[in-house]
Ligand code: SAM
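One chain follows as structure tokens, the form predicted on its own.
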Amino acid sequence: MNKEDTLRYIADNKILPDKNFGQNFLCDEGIIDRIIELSGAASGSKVLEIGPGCGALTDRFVDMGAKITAVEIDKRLNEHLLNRFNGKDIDIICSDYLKLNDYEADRFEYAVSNIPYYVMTPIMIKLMTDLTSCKKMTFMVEEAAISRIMAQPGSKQYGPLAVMCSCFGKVSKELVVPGASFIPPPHTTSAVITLTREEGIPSSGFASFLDKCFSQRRKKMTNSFPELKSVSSSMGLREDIRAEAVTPEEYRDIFINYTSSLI
């Protein structure tokens, strides 16, 4: 869908973008083509799309023969998606993805989302945690947020999200997307990133473990998580090490050792 098609679709169906859901509809066919290419999906691929909006990406996945499940929180858009793709091989779920539990998450091979900026972190973490068989994730995010996603140990932006992404696999910034590629145009520049699985997340408890470790990021990690003293000591980590200085690889090892000690 180009800009004219999108404007016509919005007018015909009376579905103005809702600011409460952070809706900015992608209407640049060149960017849409590139995202589909970057996603890695092909005919028969099992794809999860979060926030399909008007269905610009969804339409391409359906045409290529992908087995797509689209999760849309907006009841208005959900109704129009159901009508638009009536009779097509697609599963459309009207739900807040962050509250979605029983959806056979382990069957998806690919995930794609034009993520509303205000819920970027929880959606990315839930996807990395839930989708245990996912090979690749492709996200549209605010360009400024990439500094948090790709932050290195010791930096101010380094936190649970950066650790999760690094542990999941390879993180790549693929392209910058100007505001003019959306209706309405956002006030910030967007970017497309990909996460390609390598090792993946150790287990579903990893995210909450990291939150606890970073709860007092500038103090000794063992102050906020005393149970880690024996584990960090056995790994040769300094007793006074702070959460922001621990590498993603060390976090993975600490978590595995810690959870093993609880058995």
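Predicted, not measured: the structure shown is a model, and the values here were computed from it. Start at 1 and count along the sequence shown; that's the residue number.
Although not depicted, the form predicted together with this ligand is the subject of the following passage.
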Quick check for you: of 222-230, 59-67, 46-54, 207-215, which stretch puts a non-hydrogen atom within 4.5 Å of this ligand in the predicted complex? 46-54
Even though the partner isn't displayed, in the predicted complex is residue 109 close enough to this ligand, meaning a heavy atom within 4.5 Å? no
Is there any non-hydrogen atom of residue 161 lying within 4.5 Å of this ligand in the predicted complex? no
Does at least one non-hydrogen atom of residue 25 fall within 4.5 angstroms of this ligand in the predicted complex? yes
Residue-level contact is defined here as any heavy atom of the residue lying within 4.5 Å of this ligand in the predicted complex; does residue 73 satisfy this criterion? yes
Using heavy atoms only and a 4.5 Å cut-off, determine which of 128, 177, 141, 77 is in contact with this ligand in the predicted complex. 77
